[in-house]
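Before any questions on how it binds or moves, here is one chain, the form predicted on its own, in structure tokens.
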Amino acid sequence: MAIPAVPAAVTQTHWDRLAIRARWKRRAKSTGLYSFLIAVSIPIMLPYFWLVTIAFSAKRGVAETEVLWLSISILVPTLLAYWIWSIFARNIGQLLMGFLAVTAVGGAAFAVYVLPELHLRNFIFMVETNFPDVVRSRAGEVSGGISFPNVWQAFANSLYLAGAQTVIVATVASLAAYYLSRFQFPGRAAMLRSLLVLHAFPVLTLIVPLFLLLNFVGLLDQMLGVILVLVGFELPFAIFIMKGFFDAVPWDIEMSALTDGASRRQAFVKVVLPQVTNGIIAISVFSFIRGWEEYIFVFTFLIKNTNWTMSLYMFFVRDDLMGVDFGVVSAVGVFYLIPSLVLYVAAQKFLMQMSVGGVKG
């Protein structure tokens, strides 16, 4: 018995329905995923958005929250419009046209309602050393009595602290990790396991011994003392990370260089190191951020205000002006965030490529 042929129109209609159903399933999954990401991002992003808005706010007191919520009422619908349009756009042309339209509407609303309320007066600390007295006199308050150094001096101290720590950690960790990865020696397995154990010590339990030790060797109230302490805490984990990168470099590559006449040092510098560039950049970024945001050690071991770092500067500004002017405190916070943000953006692609190898016994 012959099977009747299915008309081509019916088959085409069936495939069209399947395509539409698959498209809507894909959109539903994307909607659920983005909704979840947005929901978990709000508690993280809102404080930063509050910080930036208040830093540039032209008003004080209750009006600051008005500017904040006015900005949110424009930003949130704009982001939602971006998201919705990216889901329903059928091609790149529609996507770009929709983004341009949303940007134009959101930018116009921001320029009309929010931009007139913003200014740069809260960044007075960048040009005035005695800015707390100026801020307090403007608010009708008496002087707080704290002697502030120039913010650029604190900025330079932080750069010196974070930069020196980064160079030492990256150099020592690369050399130590290479040795641990390529050579066998008694106690190697125990040393590898101890790296993470050393990194697990709570910082606060070592404050008093470290204070006495730095005082004994004459490094108390000196940047070098804090740098050495931070290096000691950062090195174990950096070595562990770098060993994973060196383990991933095939021994055959290095052996080929040695066979061609290169020395062990030349093979390390010219053949192996280029293969682990991502790891060096990753530990350098994390080490720099660790030094840049360090507060406990600098608060304990640095006494003179000429040795203040940005974390100490931020702390004393908050302590002195928190009840007087939120705008200035927020402006210092924004200034403090800029180097970290720039560094993360510049090194983002290298951090995304980072992978950690296992520990070989």
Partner chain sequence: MARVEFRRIEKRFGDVVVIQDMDLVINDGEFVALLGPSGCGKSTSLFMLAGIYMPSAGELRFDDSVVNEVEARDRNVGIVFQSYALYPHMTVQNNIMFPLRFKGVPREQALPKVREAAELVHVGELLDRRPAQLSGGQQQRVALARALIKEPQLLLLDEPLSNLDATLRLTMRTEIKALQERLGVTTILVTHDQLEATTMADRVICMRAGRIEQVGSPDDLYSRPASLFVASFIGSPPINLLTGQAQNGAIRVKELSLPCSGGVSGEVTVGLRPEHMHFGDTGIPGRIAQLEPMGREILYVIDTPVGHVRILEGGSVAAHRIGEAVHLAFEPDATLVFEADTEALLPNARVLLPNGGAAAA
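Predicted model, so just to flag it, every value in this text is computed and none were measured. Residue numbers count along the first chain shown, from 1.
As for the form predicted in complex with the partner chain, it is not shown, yet the points below apply to it.
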item: Non-hydrogen atom within 4.5 Å of the partner chain in the predicted complex for each of E293, I296 and L312; value: no
item: Partner contact for V271 in the predicted complex: the partner chain, 4.5 angstroms, heavy atom; value: yes
item: F216, heavy atom within 4.5 angstroms of the partner chain in the predicted complex; value: no
item: Partner proximity in the predicted complex: T78 to the partner chain, non-hydrogen atom cutoff 4.5 Å; value: no
item: 4.5 Å heavy atom contact, A89 to the partner chain in the predicted complex; value: no
item: Residue among L220, I281, A257, L210 with a heavy atom within 4.5 Å of the partner chain in the predicted complex; value: A257
item: Selected contact from T103, T171, N130, Q266, since only one has a non-hydrogen atom within 4.5 angstroms of the partner chain in the predicted complex; value: Q266
item: Stretch in contact, per heavy atom within 4.5 angstroms of the partner chain in the predicted complex, of 162-170, 105-113, 78-86, 258-266; value: 258-266
item: Members of 25-52 lying within 4.5 angstroms of the partner chain, judged by heavy atom, in the predicted complex; value: none
